[in-house]
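Only one chain comes next, encoded as structure tokens, the form predicted on its own.
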């Protein structure tokens, strides 16, 4: 990936403020999209700081108008098309290891989500202990429109949202604001952006890794925002649960169509149907199976499964939708992907099951997660 060329050290800025490590994503023209260098550097920093007794707290934020808009999947596609799908797999291997490390970190991580947080940006923040949203936050997992699937262990945290809101968010790539993130549990706090400098200055004074003390500091600057009147979380949860609790994507669409017929004055159901029909049929079916399995799995197993699935996606044996989606959305930008298979009924259960199998490829092996410490805090142990 462009990432395999000489790395740009300025893509990740690292500071130390007393006992606090501050990590700043700094690829502003690309909305801080994660390059291979950035993922590798973040993994290195988190591993080093966990063993550094001088570091008690980690703050992550992004320069510009984004925390992080996701992984640099265009670079992944260029590498895979260059000859070896394993080059792309190496990016995801390091990214998923980083996600696991963040999810099981022994020190509190505070992610300041003052802007766009999507895809890989969610993986680099939501797994951490504290997620601070603001009035500028925009969250989404838009992978199904790219022919990919919500990865980075998102099946773990989306499956833990109330009801079947996680299925809704992951399947249609719904955009949530900061208030919605806080209400559904994706964010732990909401702090107005004008108060962030004061919050950060207070966090720099932390002298130990006590998560309760960190939470109390953030609480001082936090507010309880009101949901907008048209928020789906405010007005659509009953319908979301009725529709997105179904066993198959086809059934979800059927029940959405019933909602649309029974409430013609409201276009929410019909708009949701249109969004689903634009997404890759394969991606929709793969993600629905992922999130249903994730309800009974720990975060590590979710990431191991994600890695299997993404390796199949990169290999392109069952479908090349990821490459077509990137062409249509990110490269040519005609926004007219030609999915293959083109309809839900053409995606067989056996094809979907195939994405969850070990790859029959010489030298390939399952994701090997970083070894963890024995004295992890209770909120981490609950994820394992």
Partner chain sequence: MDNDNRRASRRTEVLSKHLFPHPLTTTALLSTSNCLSYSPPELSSSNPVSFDTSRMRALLDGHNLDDRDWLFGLIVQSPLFNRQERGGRVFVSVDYNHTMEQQREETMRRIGYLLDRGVFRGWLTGDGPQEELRKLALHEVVSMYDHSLAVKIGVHIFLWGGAVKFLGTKRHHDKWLRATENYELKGCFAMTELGHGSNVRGVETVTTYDSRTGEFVINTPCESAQKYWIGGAANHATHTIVFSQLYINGGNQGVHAFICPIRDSSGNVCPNVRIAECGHKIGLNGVDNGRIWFDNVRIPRENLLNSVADVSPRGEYLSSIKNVDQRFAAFLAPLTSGRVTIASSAVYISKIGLSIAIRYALTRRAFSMTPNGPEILLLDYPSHQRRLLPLLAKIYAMSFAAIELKMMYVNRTPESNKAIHIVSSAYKATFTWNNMRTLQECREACGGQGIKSENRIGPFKGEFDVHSTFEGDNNVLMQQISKALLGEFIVCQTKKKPFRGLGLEHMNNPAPVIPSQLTSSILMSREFQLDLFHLRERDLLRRFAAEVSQYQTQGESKESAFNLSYQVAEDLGRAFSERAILKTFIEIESKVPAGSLKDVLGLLRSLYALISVDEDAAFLRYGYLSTENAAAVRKEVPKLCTELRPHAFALVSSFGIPDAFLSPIAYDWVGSNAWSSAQH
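Positions refer to the first chain, counted from 1. As the structure is a prediction and not an experimental result, all values here were calculated from the model.
Keep in mind that the form predicted in complex with its partner chain is not shown, yet the notes after this line are about it.
Enquirer: Establish, in the model of the complex, whether 97, 183 and 270 all lie within 4.5 Å of its partner chain, using non-hydrogen atoms for the distance.
Expert: Contact check failed for every one of 97, 183 and 270.
Enquirer: Within 4.5 Å of its partner chain in the model of the complex, heavy atoms considered, which of 236, 246, 90, 107?
Expert: Exactly one listed residue reaches within 4.5 Å, namely 246.
Enquirer: Just one of 251, 257, 207, 135 has a heavy atom within 4.5 Å of its partner chain in the model of the complex. Which one?
Expert: Going through each option in turn, the one that passes is 251.
Enquirer: Is the gap between residue 312 and its partner chain in the model of the complex 4.5 Å or less for some heavy atom pair?
Expert: Close contact is absent here: in the model of the complex, residue 312 is far from its partner chain, nothing within 4.5 Å, heavy atoms only.
Enquirer: Just checking whether residue 242 would be counted as a contact of its partner chain in the model of the complex - the rule being heavy atoms within 4.5 angstroms.
Expert: Residue 242: yes, in contact with its partner chain in the model of the complex.
Enquirer: Flag residue 372 as yes or no: does it have a non-hydrogen atom within 4.5 angstroms of any non-hydrogen atom of its partner chain in the model of the complex?
Expert: Within the cut-off, so yes.
Enquirer: Taking its partner chain as it sits in the model of the complex, is residue 289 near enough to touch it, meaning that at least one heavy atom pair lies within 4.5 angstroms?
Expert: Contact check for residue 289: yes, within 4.5 Å of its partner chain in the model of the complex.
Enquirer: If we take heavy atoms and a 4.5 Å cut-off, which stretch out of 258-266, 175-183, 161-169, 223-231 is in contact with its partner chain in the model of the complex?
Expert: That would be 161-169.
Enquirer: Taking heavy atoms and a 4.5 Å limit, what residues of 114-142 are near its partner chain in the model of the complex?
Expert: Sequence-ordered list is empty.
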